[in-house]
Each structure stands twice: as C-alpha cells, then as structure tokens.
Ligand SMILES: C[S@@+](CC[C@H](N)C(=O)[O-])C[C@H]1O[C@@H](n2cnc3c(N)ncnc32)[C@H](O)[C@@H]1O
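Given next, in structure tokens, is a single chain: the form predicted on its own.
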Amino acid sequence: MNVMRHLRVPNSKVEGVLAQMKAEQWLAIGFRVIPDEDGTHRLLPISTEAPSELPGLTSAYEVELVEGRADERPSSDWWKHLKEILGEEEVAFHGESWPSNHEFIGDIMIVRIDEALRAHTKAIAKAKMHSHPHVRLVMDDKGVQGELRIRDLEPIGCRNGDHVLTSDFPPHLIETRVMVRESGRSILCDPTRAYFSTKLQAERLETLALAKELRSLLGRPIRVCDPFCGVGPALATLLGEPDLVGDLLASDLNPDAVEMLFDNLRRWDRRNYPSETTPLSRIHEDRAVGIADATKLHEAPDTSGSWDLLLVNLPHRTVEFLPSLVPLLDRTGPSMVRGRVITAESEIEEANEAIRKALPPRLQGTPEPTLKIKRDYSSTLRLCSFEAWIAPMPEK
C-alpha cells in the first residue's frame, strides 16, 4: 500500500494541469491518473519531491491522500530489457519472483532480490538501469542488521557515463550520500548509514496536519520531541511550516544519523550546528539535538514533562518503548503522541490494546488510538500508524 498525495481536478482541466505539473516536475513518475468516484474529476499523483504547496494549484484544487496506482507502462520497460538480456523463457520461469517493486533514494534505486534469483543479479541491475535513465546506482537490500537497524545494501549496478557497470565499481561512482527532495526541502541521507523511506511522505504530511491542529488547540507554537529522528525527515516537513515548531528535541542513537541531521538542520534553520556528532545538548535556546538513548530521556529534569508532540518512529519497538516515553509529555495541557508500529495483521487489535494501556487517558471528544495500516512491510507484516490525543493531568 502506497498512500500518496493526489490533486483532485475537474475532467475539463486535467490536460492543462497535467502539462503544468510535468513542466514543474510535480507529477509522480510511475503512477497513474485515477478517475474519481464522482466521474467528473481525476486524481493526479503528486511527486514526493514536490513542495507541500503547489503555487497556483493547491489553492485552486483539493489535495487528497489516497493509495497510488502504479503505472504498468514504465515497469513494462524493465520487463522488456530483462527479456532481451535473459530471454522470455527464463523470465517466465521465475514468474512473480522478479523484483518489480523498488524505492528511490535520490538517484539511488533500492531493490530486494530473492535468493532464487541471485544468479541473475547483474541482469536485474542492467534492466533496472536501462528502464530508469535517471538512476545512478542500484543497490540490493539484504535487510537490516544490528541494534541501530542499519540496512545491508550492496551495489549491484552503477552508471559510468553511457555505460552500465555490474562489477568492479570505481569507488567514486558508488557514493551513497545523497540529497533527497521532499515537500520542497533537501534532506541529506545515506541509506547505508541512516535509512528513511521516501514512500512515507504522505505519513509525514498527515503528521504536519495533526501538528497544526495541536497548535490551534494550544494557541501557540508547539514543542516537538522526536527521539528517534534519524536524519530528520519528519522534522523537515514540520520546520517548513511557519510558526509551527517552538522548542525542539531531536535525538537518535545512531551517530551517523545525527551527523547528517546537524547538516540538515544547518540548512533548514539557517543557524550553526556542530560539524561532528555530540551527545544531546542545547545547541540553541530552542534546539536540543544530539545522540541519546530515547528510553532514558525521561530521567533528565530538563527533558521530562516538557513536550506537546511526541513522535515515536521506531516501528519494531514502539509498543515496547511507549511506557518510558510517555513521561516526556507535558501533562499540564493537551498533548499528542504520533507513532508507527510494525505488526502482523492478525495481531493489530492486540497491539491496539497494548498502546492504549501504555498511554494516559485520551482527550475528551477524541477517538481511541487505533492502528491504521499504511503499507505492507513484508508478506506477513504491516506498517501501521496511530495518533493519540492526551488529556491534561487532573488538577489535585
């Protein structure tokens, strides 16, 4: 499941709007224009790299978050190249095992190749690169490893001028440090050191909408705590909204992620940040940034009980860590927890109960925190998200 932004445009205006979106590079490549249920509108897929506001368009037309529909035409290109390299019989023999899905991180493509197809790794890399001319590097995703859940990515193809290489890669051609454009912002990352999913931009935009609701409720800029922030993709979206974020705590256990976070904040905030990683500290009066163990933040008086919005993006362990994170919330007024969870679909209700048990009472008039499936994580697991509006602590 890939939920993404779409522009809802009357049928009579579609051709002109499409032309404008293509010219501005705001149209999502590889996704279809979808007929709306009313029959009089079309939903035009918006690129993850497009800004949150599209001048002249988002003010005139509604933006909807719906599941994107992959356009088979670009992928048919890759099949054509694969068949030319291996022959139709070999391609047909492996059926649906071929890695049709992939993810773009800047000009890097990440694919996951089944063990049964390892012998065809070079052919896969060539076919992918021939069908996606903008891709500089293709990497095979072998899963995550270690406590920091670093992705094990192996280069399997790179571009050297007009040639595609599938072995003996010159080091300068397989650089993995890249800039990713999202919602009009540049996010420095390196998927081999600190990965974030570019397919979750719609999630980050939902978080932005919720944060704006919380600001309206509180009547002031909100204090945001992101203790698993990585290189800061969620913060890129929030900090792009004027007068939304006041005080900010951004920390991670991964030193590489924090080093790139400093670089990103330097550009987003237009203020100085350290060039090397440091333990969590007050870099500026309203910015606490650095390396920290999220489960111990509540032990520090200056971080405990201080935050309006708590982001919990460690989906494999969110439910486990919630009890140690809740004390970070400022309970003198309404607050919010926004989190992600990876779980089997059959265990979602059990996870819902665990989340509700770990959280304080919800704000009157708001729904119970409930996991919503956002996309498949694997054949058996689902990536879900939830939000919880938290009530103030009763006065004694």
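Numbers for residues come from their place in the sequence shown, where the first is 1. These numbers come from a predicted model, not from an experiment.
There is another form of this protein, the form predicted in complex with this ligand, and it is not shown here; the text below is about that form.
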property	result
Stretch from 314-322, 91-99, 269-277, 212-220 whose residues place a heavy atom within 4.5 Å of this ligand in the predicted complex	314-322
Triple contact flag Pro227, Gly230 and Asn254 to this ligand in the predicted complex, non-hydrogen atom at 4.5 angstroms	yes
Heavy atom of Lys126 within 4.5 Å of this ligand in the predicted complex	no
Contact flag, Asp293 vs this ligand in the predicted complex, heavy atom cut 4.5 Å	yes
Touches this ligand in the predicted complex: Tyr195 (any heavy atom, 4.5 Å)	yes
Interface membership of Glu147, this ligand in the predicted complex, 4.5 Å heavy atom rule	yes
Listed residue that, although this ligand is not shown, lies within 4.5 Å of it in the predicted complex (heavy atoms), from Ile105, Leu310, Leu200, Val245	Leu200
